[in-house]
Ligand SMILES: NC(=O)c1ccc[n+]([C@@H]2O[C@H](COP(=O)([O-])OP(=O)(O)OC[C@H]3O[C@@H](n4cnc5c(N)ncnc54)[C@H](OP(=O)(O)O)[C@@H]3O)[C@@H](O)[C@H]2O)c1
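Quick heads-up: it's one chain on its own, the form predicted on its own, in structure tokens.
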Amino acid sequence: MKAFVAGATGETGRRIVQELIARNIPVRALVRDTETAKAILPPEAELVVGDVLKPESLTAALGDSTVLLCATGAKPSLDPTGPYKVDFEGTKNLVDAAKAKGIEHFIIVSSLCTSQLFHPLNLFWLILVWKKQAEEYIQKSGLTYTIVRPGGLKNEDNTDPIVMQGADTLFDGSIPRQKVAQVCVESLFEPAARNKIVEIVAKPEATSKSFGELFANVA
């Protein structure tokens, strides 16, 4: 297995890279600036320059990767096309490149509530709408996928157990980015994670379960 990580220098992406390296999985990290990336990512990560908005850069960047983890996301800005370009077009470009390369498993970090049009987050240039469009493009692609929809993201880790449910069943709650990264990496190894949408939050009162149990409980 060799993992390709898009959005590798973001807050969630960098944790995915760390989790993969901790599992001794070789990583190709897609970055736009190698100097910036070197300061953020572990030295074991192989840095490849490219941009999800430049599809011609992705085929070479993927190289000999066999699985792909996408943690890209539009940053809050005044550009109303940001979420459309990054969350939809960028993901679409990655899916097309992954299909052409024969990628075995495509994992994407999406968001809770992507099916809720009137969610307040859609005031940020319809960000959830475009994430939902990206999810549907992946589902129709023929690729093996896992769509991970986390609740509100926290930079600080905690000991709260993970709660995992199926699509459109969790509507609030938060989760540390470290746990999101763990779910993404574990989904590579759990057959029950394939071709599923999983929604995740962390709750202090939840019962702790193995990743196998968590994925198996999602229809």
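The first residue of the sequence shown is number 1, and the count goes up from there. Quantities reported herein were computed from a predicted structural model and do not represent experimental measurements.
Form predicted in complex with the ligand: not shown, discussed below.
When the ligand is placed as it is in the predicted bound form, which of 5-13, 191-199, 205-213, 19-27 ends up with heavy atoms within 4.5 Å of it? Careful reading of the contacts points to 5-13.
Contact of Lys38 with the ligand in the predicted bound form (heavy atom, 4.5 Å): Residue-level check for Lys38: no, no contact with the ligand.
How about Ile138: is it within 4.5 Å of the ligand in the predicted bound form, going by heavy atoms? Because no heavy atom of Ile138 falls inside 4.5 Å of the ligand in the predicted bound form, the answer is no.
Can Leu53 be called a contact residue for the ligand in the predicted bound form at 4.5 Å between heavy atoms? Leu53: yes, in contact with the ligand in the predicted bound form.
Would you check, heavy atoms only and a 4.5 Å threshold, whether Asn122 touches the ligand in the predicted bound form? No, Asn122 stays farther than 4.5 Å from the ligand in the predicted bound form.
In the predicted bound form, residues of 190-204 near the ligand [heavy atom within 4.5 Å]: Residues within 4.5 Å: none.
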